[in-house]
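To begin, one chain is listed below as C-alpha cells, in the form predicted on its own.
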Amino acid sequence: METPFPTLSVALPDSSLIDSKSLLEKSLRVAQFARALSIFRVEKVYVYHDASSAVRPDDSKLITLLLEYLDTPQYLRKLLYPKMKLLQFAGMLPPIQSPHHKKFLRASEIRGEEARAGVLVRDRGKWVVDVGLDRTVPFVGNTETTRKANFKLSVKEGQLVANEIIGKVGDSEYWGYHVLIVRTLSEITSRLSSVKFLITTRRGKPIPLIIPSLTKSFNHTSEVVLIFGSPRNDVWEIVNEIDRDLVSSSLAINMFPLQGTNTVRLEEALLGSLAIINSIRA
C-alpha cells in the first residue's frame, strides 16, 4: 500500500514585501504567492516574524489578509470582508480558481450531496448557511460560528440542508490553504507531532543529490514545511536564538543549484521549490 504524502506547508516571513513599494505592487506579489500555493496544493501557510528587519505592520497584515481573501470563494467575500484600504486592489488580482471556488447555482440544481465553503448567518432567529446559491440553506447542527467553514449539502425529506464538515473535505480534492500566524518557527513544532523542516537556501545541499533520502524521510513525517527567507535576508539571518536550534537541525536544500541569476525572488522560489517537491510527491 502506497504511503500518502504528508501535509505540505510553507513558512513565509512577515517581511516578504519589504522590497515592494506601492500597495498595488505588494498586492500583486501576494497574489503570486497565493497562486503558487494553490497550484501545488499547499495546505498550511505559516507567516512567521522576521526579527532581523523593521517590518511595517501594514505589510504583515496585508500578507495574511490577502492570502485569506484570495482563498475565499468570491461569493463569500462581500460577506466576510468590508471595504478597507488594504483591499483597494483586490479586484484586480488574478483568481485562484481552486475546486472550492464554486460557481453560482440555484438550490434546485443541487443533486445528491455536494461540498461547498460557506458562512453561517442568522435569519429570523434561525441559523442558515450562505454557500453561493440563489438562497441560503437551513443549517443542521450545533455550531454557531460566523467564520468561513465547509459544509455538506444534502436533501433530507425533500428539503436542502447543510451540515458542517469537520476535517478534510475529501482525500483527493484540493480545498485551499489555511493561514496561521506564528511569532517564531519553533511554535510550529508545538502544533505538530511529526514535522520535517526543509530550508530553501543557496547554502544547502543540491536537490538532485538528496531526493532519494528526502523521499524516504517523508514516510515517517506527518507534515513537510518549506521555510523561505525574505527578499533581503536568508533564513539563518532572520531567525532569533530561540529558533537557531530548530534551523540547524533542519534539512537545508539548494533548489536551484545551477541558477543563472544572482538572486531568486521569493515568488520565483515558491514556484520553483514547490514544483520540485510536487514532482517528488506525484
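Residue indices: 1-based, along the sequence shown. Since the structure is predicted, the reported quantities are computational estimates derived from the model, not experimental observations.
Below: the form predicted together with a further copy of the same chain, not depicted.
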| item | value |
| --- | --- |
| Leu246 within 4.5 Å of a further copy of the same chain in the predicted complex, heavy atoms | no |
| 4.5 angstroms heavy atom contact with a further copy of the same chain in the predicted complex for Tyr174 | yes |
| Phe40: touches a further copy of the same chain in the predicted complex, heavy atom cutoff 4.5 angstroms | yes |
| In the predicted complex, Ile211 touching a further copy of the same chain (heavy atom, 4.5 Å) | yes |
| In the predicted complex, the residue from Phe218, Phe256, Trp236, Tyr46 that sits within 4.5 Å of a further copy of the same chain by heavy atoms | Phe256 |
| Heavy atom of each of Gln32, Arg35 and Arg265 within 4.5 Å of a further copy of the same chain in the predicted complex | yes |
| Which of 88-96, 112-120, 148-156, 177-185 lines the interface with a further copy of the same chain in the predicted complex (heavy atom within 4.5 Å) | 88-96 |
| Contacts with a further copy of the same chain in the predicted complex, stretch 260-277 (heavy atom within 4.5 Å) | Gly260, Thr261, Asn262, Thr263, Val264, Arg265, Glu268, Leu271, Gly272, Ala275, Ile276 |
